[in-house]
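Presented below, as structure tokens, is a lone chain in the form predicted alone.
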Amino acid sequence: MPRKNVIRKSTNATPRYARFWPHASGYLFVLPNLVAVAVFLAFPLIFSLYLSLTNWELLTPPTWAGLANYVDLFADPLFWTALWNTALFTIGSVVPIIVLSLLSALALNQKLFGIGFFRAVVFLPLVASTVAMAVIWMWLFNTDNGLLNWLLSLAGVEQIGWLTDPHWALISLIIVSVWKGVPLSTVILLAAVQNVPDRLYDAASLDGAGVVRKFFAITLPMIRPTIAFVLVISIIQSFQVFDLAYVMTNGSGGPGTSTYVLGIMVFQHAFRFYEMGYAAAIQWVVFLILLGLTYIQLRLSRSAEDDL
């Protein structure tokens, strides 16, 4: 006679709360970060989007305006001037930052006596306050008593109105931005260069490859993702420039409108004209532009990696 299968309930079954607790503990550990993101990131982002659709002058309650702020913004000639100046500043800053940072990283990766001292010198601008740094550069750029014009006079070159000539003001801001941005990018790229395996260079040396060949065949492909990351953060930082332009131009965006960037435009409409809705609309346009540029850059980087 066949035996019947008898299903017995185990007396040692794990309770439901005991099975749920490991997952719950994980959520509890993450909860403080989730609360911080919700309070300091998600809520301000959503609230600023709401403000961009309203008229709010701080002293009165916000009134619904719909897309009126965006319509007025795209019809404002100053917006296009600020956007053009910001684009020029970004291109003029990012390209030298990437090139100089890569060259600095390669130079600081050499095993030479006293290389630690030179690394410390290169990294010094990282600890400098942007405002204090801008004040020092204002003295260097001073037309009458500045160090740069004094050095130019020794060479027989006429004085340059670094911060007073519309043709030179934005270039002056770019010079300071590059000086400030190179150290951080150098740190990131130096770490990437140091992580390239030495055996690849040894194999290339056996094949007779020179320094230039090693750079383009080994170093550059290996650190390409890091270069893409540095490019993205450099674009974001340059496109959001404010404190440097504000201090060095006394918040006016001058001379004329040569240094009138989007950051100064936002500040003026928010804290001088008290047009918070309009300022929020400008910031959302900046956010969408940066989001699009970042997406394009990441797609191009991914396509380049797939082609390797």
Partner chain sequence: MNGNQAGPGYRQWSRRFLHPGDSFFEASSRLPGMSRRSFLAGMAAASAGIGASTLLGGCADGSQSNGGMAGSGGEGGEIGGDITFYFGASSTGETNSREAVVAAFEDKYPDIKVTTQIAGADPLQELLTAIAGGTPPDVMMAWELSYLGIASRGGMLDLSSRIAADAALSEQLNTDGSPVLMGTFSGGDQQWALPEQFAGIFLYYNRRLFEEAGITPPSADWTDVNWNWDAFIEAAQQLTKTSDGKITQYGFVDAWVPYLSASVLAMGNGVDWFSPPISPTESNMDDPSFIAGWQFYADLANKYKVAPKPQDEGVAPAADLFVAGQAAMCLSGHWMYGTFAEAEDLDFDVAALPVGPNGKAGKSDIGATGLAIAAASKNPDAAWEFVKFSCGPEGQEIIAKSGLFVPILKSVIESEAFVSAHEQIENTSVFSGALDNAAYLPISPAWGKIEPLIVANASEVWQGRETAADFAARINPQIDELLETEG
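Quick caveat: nothing in here was measured; it's all calculated off a predicted structure. Residue numbers count along the first chain shown, from 1.
Although it is not shown, the form predicted together with the partner chain is what the next lines describe.
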**Request:** Let me know the one among Pro197, Gly210, Pro166, Gly116 whose heavy atoms come within 4.5 Å of the partner chain in the predicted complex, would you?
**Result:** Pro166
**Asked** Do heavy atoms from each of Phe74, Phe79 and Gln297 fall within 4.5 Å of the partner chain in the predicted complex?
**Response** no
**Prompt:** So, in the predicted complex, is Val135 in contact with the partner chain at a 4.5 angstroms heavy atom limit?
**Reply:** yes
**Request:** Give a yes or no for Gln283: in the predicted complex, does one of its heavy atoms lie within 4.5 Å of a heavy atom belonging to the partner chain?
**Result:** yes
**Request:** Using a 4.5 Å heavy atom cut-off, state whether Val247 contacts the partner chain in the predicted complex.
**Result:** yes
**Prompt:** Taking 4.5 angstroms as the cut-off for heavy atoms, does Phe47 touch the partner chain in the predicted complex?
**Reply:** yes
**Stretch from 90-98, 234-242, 212-220, 107-115 whose residues place a heavy atom within 4.5 Å of the partner chain in the predicted complex** = 234-242
**Asked** Hey, which residues along 58-84 are within 4.5 angstroms of the partner chain in the predicted complex, non-hydrogen atoms only?
**Response** Leu58, Leu59, Thr60, Pro61, Pro62
